[in-house]
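The data below hold one chain only, encoded as structure tokens and taken in the form predicted alone.
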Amino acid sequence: MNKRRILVLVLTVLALSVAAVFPALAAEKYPSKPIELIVPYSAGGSTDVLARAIAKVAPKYFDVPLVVVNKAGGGAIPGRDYVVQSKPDGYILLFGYGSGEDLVVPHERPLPFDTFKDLLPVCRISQHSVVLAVPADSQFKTLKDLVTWAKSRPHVTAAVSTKGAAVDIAFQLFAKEAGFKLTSIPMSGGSDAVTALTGHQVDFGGGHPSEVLPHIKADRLRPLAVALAERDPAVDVPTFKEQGYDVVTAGSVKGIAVPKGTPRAIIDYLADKFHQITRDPEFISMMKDLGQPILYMGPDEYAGFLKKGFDQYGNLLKELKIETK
């Protein structure tokens, strides 16, 4: 074998070796540019403020910035679709995965994507309970007081943010369990529903902790119950179940997802980094101020939780005969 052929052979072997290790080298470089947190809601809402709290603490754990991008409108569906259509490379994340748009809306109308097939869960950050409240000067001091009164009325009214959404479903389930007739009054959003309640326009109402907590602290509202299996760390009040009513729902969940096709290694990397953030003292303090409990779940556990919540809401919509059209 002449020297030229030996040289060609050596160069070929080297080229093949580099090609073999290149994918591993490329994978080690993730992340190499800013990661976008797509919030499918307007700025200032509970999902947005949570995303910005994470982005603020993230530099301690990520080597690249986390950038919050609001893509509001269209019932929060276009923002989700944007993520679904994005390249599955770990740089475009859906923030707010697990809300009503993921667990309730697919039961009510067709979407341009499949909530579970086209999005992969990374982790759960927080879970918002549904809080039932009355005005602070209400005659109802306890949930029992409200039920006793409600049973004596032909019908009772409750303010809700949206017909057929998580709050409405929880209140309708409570009315059925307690044995009284409820007429829910849908508003244009959570803040409007709380305004109607504080203005004594309905008999009871409430919402998620971030919506009602400021009014509870200001002595404008009195919380009576939360619809979680265990007490909500953000609101010091017994659960419905503790008080004899089997009202336990997934509420509104704040999680993170990526488009299908995203490598599992990237999902695990992100899940680990977000888990570290949830244990950071600065983040814990911010979440306490926001009234949002930290209830972390990894990708596999979160996937099971989402499917269970999705099935539960589907069954409740049928059982309670809630029409949204």
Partner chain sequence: MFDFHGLFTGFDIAFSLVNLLYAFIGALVGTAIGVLPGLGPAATIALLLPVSYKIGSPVTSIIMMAGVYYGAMYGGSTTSILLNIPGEAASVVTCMDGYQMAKKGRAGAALGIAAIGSFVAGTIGILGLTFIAPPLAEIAIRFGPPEYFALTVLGLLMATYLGGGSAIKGLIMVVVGLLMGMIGLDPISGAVRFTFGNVNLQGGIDFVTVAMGMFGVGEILYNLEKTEGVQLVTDKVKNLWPTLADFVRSRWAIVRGSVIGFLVGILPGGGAVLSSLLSYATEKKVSKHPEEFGQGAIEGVAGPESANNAAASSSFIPLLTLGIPSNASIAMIFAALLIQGVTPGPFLLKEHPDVFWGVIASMYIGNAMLLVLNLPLVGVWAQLLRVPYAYLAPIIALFTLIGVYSVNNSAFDIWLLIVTGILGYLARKLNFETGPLLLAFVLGPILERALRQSLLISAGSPAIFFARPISGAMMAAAVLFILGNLWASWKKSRESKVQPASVS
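Note that the structure is predicted; figures quoted are calculated from it, not measured. Residue numbers count along the first chain shown, from 1.
Omitted from view is the form predicted together with its partner chain, to which the following refers.
Trainee: Have a look at 200 to 208, 249 to 257, 125 to 133, 229 to 237 and name the one stretch with heavy atoms inside 4.5 Å of its partner chain in the predicted complex.
Mentor: Flagged stretch: 200 to 208.
Trainee: Tell me whether Asn70, Gly75 and Met187, taken together, all sit within 4.5 Å of its partner chain in the predicted complex, counting heavy atoms only.
Mentor: Contact check passed for all of Asn70, Gly75 and Met187.
Trainee: Taking heavy atoms only, is Thr148 within 4.5 angstroms of its partner chain in the predicted complex?
Mentor: Heavy-atom contact with its partner chain at 4.5 Å: absent for Thr148.
Trainee: Heavy atoms within 4.5 Å of its partner chain in the predicted complex: does Gly244 have any?
Mentor: Close contact is absent here: in the predicted complex, Gly244 is far from its partner chain, nothing within 4.5 Å, heavy atoms only.
Trainee: If we define contact as a non-hydrogen atom of the residue within 4.5 angstroms of the partner, is Ala43 a contact of its partner chain in the predicted complex?
Mentor: Yes, Ala43 sits close enough to its partner chain in the predicted complex that at least one of its heavy atoms falls within 4.5 Å.
Trainee: Is there a heavy atom of Ala53 no more than 4.5 Å from a heavy atom of its partner chain in the predicted complex?
Mentor: Judged by the heavy-atom cut-off of 4.5 Å, Ala53 is in contact with its partner chain in the predicted complex.
Trainee: Considering Leu290, Ile35, Ile294, Ile266, which brings a non-hydrogen atom within 4.5 Å of its partner chain in the predicted complex?
Mentor: Only one listed residue qualifies here, and that residue is Leu290.
Trainee: May I ask you to choose, among Thr157, Thr115, Ser138, Ser86, the residue with a heavy atom within 4.5 Å of its partner chain in the predicted complex?
Mentor: That would be Thr157.
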